[in-house]
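Presented as structure tokens, the chain that follows is alone, the form predicted on its own.
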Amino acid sequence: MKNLRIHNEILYFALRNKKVQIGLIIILFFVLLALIGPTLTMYQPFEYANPLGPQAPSSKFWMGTTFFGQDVFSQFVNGLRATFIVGLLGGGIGTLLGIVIGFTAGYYGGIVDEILNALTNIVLVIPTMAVLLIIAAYLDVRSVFTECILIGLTSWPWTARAVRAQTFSLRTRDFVDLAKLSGMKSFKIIFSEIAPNMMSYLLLVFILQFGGAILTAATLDFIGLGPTNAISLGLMMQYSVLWGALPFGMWWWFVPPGLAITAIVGALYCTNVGLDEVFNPKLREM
């Protein structure tokens, strides 16, 4: 009953928080567009839909066409799908690795902590973007899934350090000592006693990882090292720059994906700030 009351209280304040409301509305809008958008167009992203070449937005082509007559709306909605997949999987992998390593290092301490902390520091000081550029450049075929794995494997260190610090402070609490005295195994103590007390923090971490994965993927895509067998918002911007959309005044080719990336990442940040206010009673909007 106590947990239910706490959950209802958090939900009550979350629904009242303006930042959470605005962030979720924007994210939900783009999620729905990514899900139903492809059903609203009869063209494939790379299909030459307009033999006349570039065309401004019209009733037939809602977001116009590219230099080669490809439907921008079709590319946009399919690119949104790739963006959310990268955020979900790439951010999820980074969060999961950070949580497992952070919990293990923080709970066991000693030599285990020293080894994992050394590994974290090594990965932390490696120039992530340079590594991603080198790996992506040597891959002849790159998929969205490959991009997710690469981003996840390089984005976990800061999460691990943050979770490790939180675990250090929680492992000395009375409820953890009682769990040890009862004979509960370490793995179960971590995920049934310590983790539930950090759920709000872990949620905020995942949101930040989600947004970070989207920005990293957009950077790789924009410089031409994104997926070779799919379309994404970053690739749309890369293609538009490559084929001179700006000098030719084809704003409809590069403005929508740029605004979408900015809006999604901004909405995630806004939601993160709002949830931080909800989870912290001192910051709640009454």
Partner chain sequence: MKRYLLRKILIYLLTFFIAVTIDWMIPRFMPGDPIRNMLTRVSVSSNATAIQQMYDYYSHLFGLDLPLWQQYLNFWKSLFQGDLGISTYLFPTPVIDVIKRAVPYDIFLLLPAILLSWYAGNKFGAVAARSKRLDNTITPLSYILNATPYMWLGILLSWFFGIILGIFPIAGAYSYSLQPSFSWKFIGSVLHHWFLPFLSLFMVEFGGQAIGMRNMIIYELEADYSHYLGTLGAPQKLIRNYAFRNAILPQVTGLALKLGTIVAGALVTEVVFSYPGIGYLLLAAIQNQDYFLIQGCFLFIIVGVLIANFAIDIIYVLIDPRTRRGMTGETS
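No experiment lies behind these values; they were computed from the predicted model shown. Residue numbers count along the first chain shown, from 1.
FYI, the form predicted in complex with its partner chain isn't displayed, but the following is about it.
With the partner omitted here, the residue from Ala137, Met199, Ile111, Leu181 that has a non-hydrogen atom within 4.5 angstroms of its partner chain in the model of the complex is Ala137. Distance criterion of 4.5 Å from any heavy atom to its partner chain in the model of the complex singles out Trp251 from the list Trp62, Tyr48, Phe67, Trp251.
Heavy atoms within 4.5 Å of its partner chain in the model of the complex are found in exactly one of 35-43, 22-30, 50-58, 215-223, that being 215-223. Not displayed here, its partner chain is approached by Asn121 to within 4.5 Å at the level of heavy atoms in the model of the complex.
At the 4.5 Å threshold, heavy atoms of Ile126 reach its partner chain in the model of the complex. Its partner chain in the model of the complex comes within 4.5 Å of a heavy atom belonging to Ile261.
Using a 4.5 Å cutoff between non-hydrogen atoms, Met237 counts as a contact of its partner chain in the model of the complex. Taken together, Arg161, Leu246 and Val255 are fully in contact with its partner chain in the model of the complex: each brings a heavy atom within 4.5 Å. Annotation for 141-156: no interface residues with its partner chain in the model of the complex [heavy atom within 4.5 Å].
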